[in-house]
Structure formats: C-alpha cells, structure tokens
Ligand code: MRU
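There is one chain below, alone, in structure tokens, taken in the form predicted on its own.
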Amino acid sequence: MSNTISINKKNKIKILDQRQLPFKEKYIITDNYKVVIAAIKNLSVRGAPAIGVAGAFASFLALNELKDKQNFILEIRRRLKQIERSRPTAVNLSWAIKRFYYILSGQNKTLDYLKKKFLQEALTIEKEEKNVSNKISKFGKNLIKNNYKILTHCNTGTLATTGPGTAFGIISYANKIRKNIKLFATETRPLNQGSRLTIWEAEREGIDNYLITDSMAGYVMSNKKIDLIIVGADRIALNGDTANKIGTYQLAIMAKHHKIPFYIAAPISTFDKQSSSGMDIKIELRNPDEVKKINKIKVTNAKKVFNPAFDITPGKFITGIITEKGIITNPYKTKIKELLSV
C-alpha cells in the first residue's frame, strides 16, 4: 500500500504525485501550504477522503509558517478559506477545514498552542480516515460472493483515501476471502483515473482485472453478466443523491435496466448536511485541455468543450450506501439523518 500523504519530523508534507502514475512514483515534499493547494487543484492528490487529509495538513502548514503577531488569527482564517476553495465538490475538504475553524473559536489563541492543536488535528483526521476506510471495506465485503464480476468507476483505493479504500477497499478485502473475483474498471475519462490508478492498484493487490472504456459499460453489463457495481462518492445529499466522478450517473441507469445492484461506498464525512438534494451540490467544471489532450498530446481541434468533473446520481437508482457504520438502503432521508445524529 502506497503512502499517499504523510508528514515527517521536520513538518514537511509528502504527497504521492498521482499525475505521474502508473509509470513513475514521484513525491511532492513541501512545507508550503500553497504547494498543497496546488496539488489538490491539479489532482496530484485526489479522492474525497484523501483531499480532506491533504487539506488538514495544508491547514497546519498555513499556520506553522506564521509569526506571532497581532493579526495572525485573521491571516490563518484567510488561508483556511483558500484551502477550502481549492476543490468545490468534495465535501470532505470543507468538513476537515471546519474542524480547524472550531479550534480557532476556542479560548486559547496563542500561536504556539494553536500550532500544536492544528498538528494534532491533522494527524487525527489522517488516522480517522484510515480507520473509516477499513470499516467500510469490512462492511461491504460480504456483498461479494465467489465468482462475482464487479464493475467500478474512477479510483477509490488507497490513493483516494489514505486507507485501503472505499469501493476498491471492499473489492480488495473480498478478494482475500472469495474465489475467482473479477474486477472490471472503466478508464474514466477525462483524466483516466481508472486506467491509470485503479488498474495500478488492482495489479499490486493481485486482483484479476479488466480495463474497459467508459462507453463499453452497458455492453459489459449485458455480455459479461456483471453481478455488482460499487463506486465511491464526493458528496452525498440528505436524500441520497450522490455526486461522484462524471460517468457514474449513466452507470446507475444502466445498472437499473440490467437489474444489477448499484452501491455507493463512502464515509459519513461525505454526507452534506447543507444539501437537501443533488440540486444543492455544486459541480466543478475543469480545464477543457483535460478533454482535448491525452498525456499533453492534443487529440482534437474542438473549439468548445464541456468538462464537468462530477455528475449527480439520484438516490432512487442507488441500491445501498456503504458507510463505516453499516449499509443503508432506501428510504435514505430518514436513515441519513439518523447516521448524522449519532
């Protein structure tokens, strides 16, 4: 398992640069919070839980370099807002940053104290995400039986979570106790996070895997008799509507047609109390070059490109949501409120 994000004794953050995978394993090492923000924006680190961890470490770095002057509280609040805005759709980032705002609201506002508290909180968030990832994987593994063919989308392994993963973690756990498991992974346009990252992780985990293009999914469902589809999530509304990597919505619709169970695997931190439905979720639009180029090579002369990073899958198409506290099914509204109130 690769160490996606970590901090060393010199208070430098080490981030596995996922843009270089699968052909190179390179790390970004920095004590500058702006470098971490750039890594989040350019997808050197991605996946909702991992973004939350990266944001937490960036928050510590942002404070750690400040001097004890009268207005440092105003400055750290400004920097936290910068970090929070680096990716708009994945709720885990704002969830993590809110925890640092809470520390700032306390009585002790000396710089030395806050630096210790910020570091402790960042390390706590990292540990929590690993534990949550393990619990999700254990709850979900029982959905997979011997000889199952499983379809997944984008990347939801250790690269996306810092632990074993969400959807991919479930598949990895099941592969250790079930026989003849087969994984079908979409390439996941436009950034190829399936072909570059999920296949890379599957090979390292010894999971029998097949790479397919996004447009093959319907044919594979009918022709290969897919038994189960599991994907991750970047934000889940209170009614179960789920934002995930672009292409998830069409998979859910095809799964419904083929009567294939379609599951979301995500930590409770991915549920957004401020979003009553998918209509409230902001969808990030990214650089057109991510579609116009592959590995920096131009493949089209298109003048206009629409490049949303995520889409919304209505809760009615989702068989169940696998969390660290168990699996919930429709009706989601009541059960999600119960999860968030515990």
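Each residue number is its position in the shown sequence, starting from 1. Remember, predicted model here, so these are calculated numbers, not experimental data.
There is also a form predicted together with this ligand; it is not shown, and the following applies to it.
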- Query: For the chain shown here without its partner, which stretch in 293-301, 42-50, 272-280, 26-34 has non-hydrogen atoms within 4.5 angstroms of this ligand in the predicted complex?
  - Reply: 42-50
- Query: With a 4.5 Å heavy atom cut-off, would you call G232 a contact of this ligand in the predicted complex?
  - Reply: yes
- Even though this ligand is not shown here, does Q193 get within 4.5 Å of it in the predicted complex, heavy atoms only? yes
- Query: Does this ligand get within 4.5 angstroms of any non-hydrogen atom of A160 in the predicted complex?
  - Reply: yes
- Heavy atom of F60 within 4.5 Å of this ligand in the predicted complex: no
- Note on the structure: Residue within 4.5 Å of this ligand in the predicted complex by heavy atom, from A237, A255, C154, A122, is C154
- Query: in the predicted complex, which residues of 294-326 put a heavy atom within 4.5 Å of this ligand?
  - Reply: F310
